[in-house]
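Presented below, as structure tokens, is a lone chain in the form predicted alone.
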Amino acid sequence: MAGLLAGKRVLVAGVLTEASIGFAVAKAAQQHGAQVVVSNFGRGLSITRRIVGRLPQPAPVVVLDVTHDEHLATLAERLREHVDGIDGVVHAIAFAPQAAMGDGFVDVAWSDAATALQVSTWSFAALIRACLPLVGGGGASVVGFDFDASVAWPAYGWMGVAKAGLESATRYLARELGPRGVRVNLVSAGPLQSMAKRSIPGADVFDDAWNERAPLGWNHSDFAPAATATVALLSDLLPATTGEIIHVDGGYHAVGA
């Protein structure tokens, strides 16, 4: 199928169920012509292998735990079994232990905070590094997912700090990788009814806020706007955009109380 991503090879890291931004991006990328590879690991791997059957076309699944050095070191080699290069990388990976979210921010143990930072922030750079051997002379586009880290949110705890780090890391990665033709951007989506959101204690407070304040309104079950924004960033439509945060939140970020 011809489309914005025709001929492009895209890794979508972090696909679990249909109720995940990773799945929505993989689907949209295929609909726009991309050859897609997805990843997951551990207990979620069997779910991912079943769920890719619901994509428009079959997609190979590679095992990737971003906290596992060997997985990262061998990723390029294992991706070569399915694609001969990479034009796009989507980082749909985030995790924080329950103890690192909710109230009690000051009491969170370093081990819990460290897990949130490693998986949700550091892994963005680690994933890009692992894929660089497959990036050709035409460069590549990398997209991650943010939740506006310019303010402190109720319930979000150390995941909010991890997202703030992700925003900063995006700017450093854009600066360092721009000369290699690699664009690095984030999509900052509003709250979506994903598995990740369900793991946040008290996350319903986000729904109430968006229902009241998003100028365009907000459908918490519709992953398509964030997915299509990701497709636009992966495409050749924005060749001079890097280090940017694209808000896909119904305009919530732009208004006050």
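Since the model is a prediction, treat every value here as computed from it, not as a measurement. Just count from 1 along the sequence shown to find any residue number.
In what follows, reference is made to the form predicted together with a small molecule, a form of this protein that is not presented.
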Legend entry - residue 95: touches the small molecule in the model of the complex, heavy atom cutoff 4.5 angstroms: yes
Legend entry - residue 112, heavy atom within 4.5 angstroms of the small molecule in the model of the complex: no
Inset, instruction - Would you please decide whether residue 189 lies within 4.5 angstroms of the small molecule in the model of the complex, comparing each non-hydrogen atom pair? - result: yes
Legend entry - Partner contact for residue 167 in the model of the complex: the small molecule, 4.5 angstroms, heavy atom: no
Inset, instruction - Check each of 83, 174, 119, 99 and return the one that places a heavy atom within 4.5 angstroms of the small molecule in the model of the complex. - result: 119
Inset, instruction - Determine which one of 53-61, 25-33, 227-235, 40-48 lies within 4.5 Å of the small molecule in the model of the complex, judging by heavy atom distances; exactly one does. - result: 40-48
